[in-house]
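Below sits a lone chain in structure tokens, taken as the form predicted alone.
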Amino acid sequence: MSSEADRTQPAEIGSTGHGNTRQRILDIALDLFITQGYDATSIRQIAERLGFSKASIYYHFASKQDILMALHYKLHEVGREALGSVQVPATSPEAWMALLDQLINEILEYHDLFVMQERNRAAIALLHHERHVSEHDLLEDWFHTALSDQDIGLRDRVRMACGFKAVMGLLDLVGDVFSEVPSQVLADLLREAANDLMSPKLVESHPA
């Protein structure tokens, strides 16, 4: 935890400005949280990678926990954008496929954020509990609600779950096994795989 003196010292922002420095802190923290984990990362390590003092970090973030939550909430914004792109009823197969398609784009564009979330779920959940934060993961809540909807046939819901898991399962592989594959090529292949899992076309949305 930072001291009052640390928090009130001017940040070493130079010509980059406050916004740029804050983003650089988040970028460096994101990399460290992915490669060595949130618990094993210290404010000192973030400051050393940035080339600034610890006081500079505390000028922008009161604690390491605040940095983690800032990254977590950025992913929430990604989720809101994806959900906002769905214009058809949330329980329809068309909405499901539209969201899967949008999710593929978001995963490839914000891959590091998704990986950070997956690898630090325990730390994020603990912070939610300690700070009494009631906001849930929007995407997971949306998918859970859709998969629980009895108005959608069981066969359709199983295929929906398979499509979702196939998309999310690519997270750890994008930056490793498929690191040399262009994003657009990977996106097209992932859509093809998801469509194969969802085929034949969803026809049991309103079972008798």
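Rigid core: the largest C-alpha set superposing within 1.5 Å between the two forms. On a predicted model such as this, the values are computed, not experimentally measured, just so you know. Start at 1 with the first residue shown and count on from there.
In what follows, reference is made to the form predicted together with a further copy of the same chain, a form of this protein that is not presented.
Enquirer: From the candidate stretches 22 to 30, 146 to 154, 49 to 57, 66 to 74, select the single one in contact with a further copy of the same chain in the predicted complex, where contact means a heavy atom within 4.5 Å.
Expert: Of the options given, it is 146 to 154.
Enquirer: How about residue 165: is it within 4.5 Å of a further copy of the same chain in the predicted complex, going by heavy atoms?
Expert: Yes.
Enquirer: Can residue 36 be called a contact residue for a further copy of the same chain in the predicted complex at 4.5 Å between heavy atoms?
Expert: Residue 36: contacts a further copy of the same chain in the predicted complex.
Enquirer: Tell me, yes or no, whether residue 170 is in contact with a further copy of the same chain in the predicted complex, where a contact means a heavy atom of each within 4.5 Å.
Expert: Residue 170 belongs to the contact set for a further copy of the same chain.
Enquirer: Though only this chain appears here, would residue 121 touch a further copy of the same chain in the predicted complex if you measure heavy atom gaps against 4.5 Å?
Expert: Judged by the heavy-atom cut-off of 4.5 Å, residue 121 is in contact with a further copy of the same chain in the predicted complex.
Enquirer: Is residue 36 one of the residues whose C-alpha moves 2 Å or more between this form and the one not shown after the core fit?
Expert: No, the C-alpha position differs by under 2 Å between this form and the one not shown.
Enquirer: Answer yes if the CA of residue 155 moves 2 Å or more between this form and the one not shown after aligning the rigid core, and no otherwise.
Expert: Passes the 2 Å threshold, so yes.
Enquirer: Once both forms sit on the same rigid core, is the C-alpha displacement of residue 145 at or above 2 Å between this form and the one not shown?
Expert: It does shift by 2 Å or more.
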